[in-house]
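The chain below stands alone and is given in structure tokens; this is the form predicted on its own.
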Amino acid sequence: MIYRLVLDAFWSDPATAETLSQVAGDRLLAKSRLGLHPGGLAAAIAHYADLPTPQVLVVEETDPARLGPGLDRLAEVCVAGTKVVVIGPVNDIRLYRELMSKGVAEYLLAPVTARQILDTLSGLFAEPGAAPRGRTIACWGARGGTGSSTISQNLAWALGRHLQEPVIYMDLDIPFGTSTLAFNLDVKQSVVDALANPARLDEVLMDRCMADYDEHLQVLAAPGDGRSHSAIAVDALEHMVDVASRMAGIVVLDMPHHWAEWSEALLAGADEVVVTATADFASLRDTKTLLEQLSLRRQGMAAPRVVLNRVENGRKAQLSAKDFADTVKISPALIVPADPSLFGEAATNAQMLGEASANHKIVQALTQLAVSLSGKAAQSRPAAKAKSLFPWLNRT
């Protein structure tokens, strides 16, 4: 199965359109999106004059004389990195070589079959490194009980709503994780099953181990049975996260407050780190220690974001947000005021905060943090176009 692939196909022959419809309904693309458009190569050129091209573009041209000039014009409107598959009418080795020299990913002779197209698409992403990869966000509590799991669960939900694409939430607190309760899930498999045989772990097995919360959020739950499980191997866990990052736009890691080789490795390698703390001296000390340790491992990467949770005004025994920020030398990305009513209602009803009260200020602030962590705007915007999809076309 190919995950998270965005394809557009522009057909000229109605028979090709029927074949592409079969491709769109195939299980291989069940987790991807294929758009079908009439008009062939010329329509594709016009369509992308003001729009970014997808990851894969399939174009049909029935006149071989128009292929070369048409692809030159297509290159001018293509975003760099788009893979172009051409369907044409001529079985000519010279034409094939010319198209390959222009950077075309594959040339298929019409009439094509659904299996030919599916095999071609599979070949484009056969190597794991060629598949689209999602961002990883590791959430860590400065101390136990800071509310890091609640923050990470709500961030994962908000990210799915914001991006409108798959997000995977991984509960890595194996003995005491709360994901089944928070999301009200009855799971038959968990993160323990996913890690049971790392050599066999792939997208299909991962999908079987996860549970759907809604159309955008999948949960890889912890058993939460209080039992001690076998030690987690760093390689196995990194492989599991790697597989998940090929299946979803964002992978949110809910990390337990347990310092080990594997937890340090995931925190060091994540695209973003969110540290949840409370405004007290113990949290301050542990946050400062963690940030200092991570600074050595995350050089050149995004600085961790600090979330101050359950902040109450007027309590002299607590540190102020300013005192906390001055000490750790990072301004909190989010300050969550204490609100037992909102959090209690969501927990009682097994809802996310945004489901319990969509317009609440805390929910809006969490959404803003999710948008920042995603690195993507909610509305798709035209991406910056390369001068040519095939740079050597411009050489003199």
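For every residue, the number given is its place in the sequence shown, counted from 1. These figures come from a predicted structure and were not determined experimentally.
Beyond the structure shown, there is the form predicted together with a small molecule, which is absent from this document and is the topic of what follows.
- Heavy atoms within 4.5 Å of the small molecule in the predicted bound form are found in one stretch of 233-241, 115-123, 193-201, 136-144, which is 136-144.
- With the partner omitted from this view, the residue of S283, T82, Q218, T150 that lies near the small molecule in the predicted bound form is T150 [heavy atom within 4.5 Å].
- Residue in contact with the small molecule in the predicted bound form (any heavy atom within 4.5 Å), chosen from G68, P38, P337, G35: P337.
- By the criterion of a heavy atom within 4.5 Å, T287 is excluded from the residues contacting the small molecule in the predicted bound form.
- The shortest heavy atom separation between R310 and the small molecule in the predicted bound form is within 4.5 Å.
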